[in-house]
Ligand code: F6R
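Shown here is one chain on its own, the form predicted on its own, set out as structure tokens.
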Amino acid sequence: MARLNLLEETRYEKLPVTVYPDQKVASIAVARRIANLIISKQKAGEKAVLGLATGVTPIGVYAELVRLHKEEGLSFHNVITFNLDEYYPMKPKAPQSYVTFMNENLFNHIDIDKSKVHIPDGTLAKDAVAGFCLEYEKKISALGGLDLQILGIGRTGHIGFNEPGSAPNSGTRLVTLDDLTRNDASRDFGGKQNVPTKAITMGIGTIFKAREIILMAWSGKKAPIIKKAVEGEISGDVPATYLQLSQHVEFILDQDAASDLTRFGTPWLVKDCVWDNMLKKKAVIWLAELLNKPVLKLTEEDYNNHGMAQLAVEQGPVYNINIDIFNQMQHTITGWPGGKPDADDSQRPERALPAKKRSIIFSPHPDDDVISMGGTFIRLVDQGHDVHVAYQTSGNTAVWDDDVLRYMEFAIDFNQSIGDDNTHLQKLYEDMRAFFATKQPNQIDTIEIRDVKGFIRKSEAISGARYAGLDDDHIHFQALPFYETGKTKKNSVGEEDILLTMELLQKVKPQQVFVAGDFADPHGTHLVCFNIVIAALRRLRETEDWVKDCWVWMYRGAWKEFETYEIEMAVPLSPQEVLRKRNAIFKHQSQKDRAVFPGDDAREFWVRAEDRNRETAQCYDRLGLAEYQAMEAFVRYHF
């Protein structure tokens, strides 16, 4: 019976999928399977032939394999490896090379014979690539093929670098990279313009010959493409769908990557559900949006025809369900993000008391505050709350080099105008120009250049916060140490990051804390900064009573908005407030027009923010609630 239930739940899925609670648990499971294969081959006196992947996805797997080698004696002496791909052209010692990646994450830490390691050669002359690819295929075939191939998946649906349009029988070859793929790689190269346009990749046909294939994916960013790969029709537009034809493939996902699959995204379509309030709200809003109806116009027939008959039977009549969900959404809307004084707050998202709250907005980068919640920021100040803003990082990796020269030239001219000696400043300027003339992609800037870039972003943040109404003593620059590497790759969070945050929280003792809950930013800085604030608050909760009355609100806006059913506070903005928010964003001139790391969204940040805020308001309007110009959305974090 359990098996029948599972088949019903997964009937939309066209290949085997295993879902783990998080990527750490999943990575350990994959590493153990690889280790078991190696050990079984050793016992049989055979070689284990592995196809390996690069990128963020397999890092945890490689870390666990290294641990198994160092702590449990797993030997790789019988292992032969073939990597999926390499950028072209690419020098093997370049930081972005997959040779460098594999050495740093795996090969340098285990006992593998380096002569048994095979990675496509990015240094070949173009006319030698075809011959190399043919030999690569022959080497794999001579060993009897790959025992196990591990894969990641790109947001275009590529496996290896087999981009949309790749043939299912393709072999190892030189390919042109998709624009989205190059966008996703831009952080590693110091900008998209530095990302190679081509790569050498194993073909889909080569991958198919492996006796076992494991495709791994982590995070909500991969959820949409995973749904297409697992449940969609086989198509060259999504190369990973070709894996549906294999009898030897398994997708291994964390919960976030699996979240769009039917059994998780709309489970009422495939099974009976336990209808808690969140699932009920999600289902009713989904139904209203699917049918393009206001919530209060949904009928019993609508429920029955779209997999929600169980909900109608258990909690109906459906009109009562509709009224309940409508009221819940209505109660999220408030023009008083700090709470409305002298009002009944039993059905409002924020408390009425204290009437004037101490609020602190944590901004991971120096512009996330105004981009993501600029309207609410200004509203809190206008309504008399004691608002502080804390910029957690300097943001100094996201400033164009020519902006540094422009500001230096301004400083030199200003010094000259007041008669100050420019000798030292002029020397620094000349050194910077010389450095930029020979700077390599992703090369770390000099300390002086990093300082200037940080000063640029600091001055813009001060201007934006002042425009929102803050005094200078309420503007805090933390420059958390984890960020200050000069590289796009940051250090792990340290004790000092948490202690600095605790110190600021103790100073302000806020009743409200706003944190970035948008974890889709390309560098992952938002998630790191969020975890630092939560860790600091958790520690303080153990010793300080004020923390127990401190509410934490998560905001989004720059990268991805909350789902409508998740929203717990929606702050409407008038047309005039939208313009004020835009003006606050405009204070961040170095991020305007063309940001250094824009992600895959070509719109300027102020345009993204306005579009998302307008879309949130329009969604509420379509569901039958009041019509507003725009809305900023928040979800409360519960300890």
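Computed from a predicted structure; not experimentally measured. Each residue number is its position in the shown sequence, starting from 1.
One more form of this protein should be noted, the form predicted together with the named molecule, which is absent from this view; the next part is about it.
A single residue from the set 88, 251, 98, 268 has any heavy atom within 4.5 angstroms of the named molecule in the predicted bound form; that residue is 98. Think of it this way: in the predicted bound form, the named molecule has a heavy atom of just one of 239, 160, 364, 375 within 4.5 Å, and the residue is 160. In the predicted bound form, the named molecule lies within 4.5 Å of some heavy atom of residue 154. Using a 4.5 Å cutoff between non-hydrogen atoms, residue 53 counts as a contact of the named molecule in the predicted bound form. At least one heavy atom of residue 84 is located within 4.5 Å of the named molecule in the predicted bound form. Taking the partner from elsewhere, residue 357 is found to have every heavy atom lying beyond 4.5 Å of the named molecule in the predicted bound form. Stretch 160-168 is the contacting one of 345-353, 257-265, 160-168, 501-509, since its residues have non-hydrogen atoms within 4.5 Å of the named molecule in the predicted bound form.
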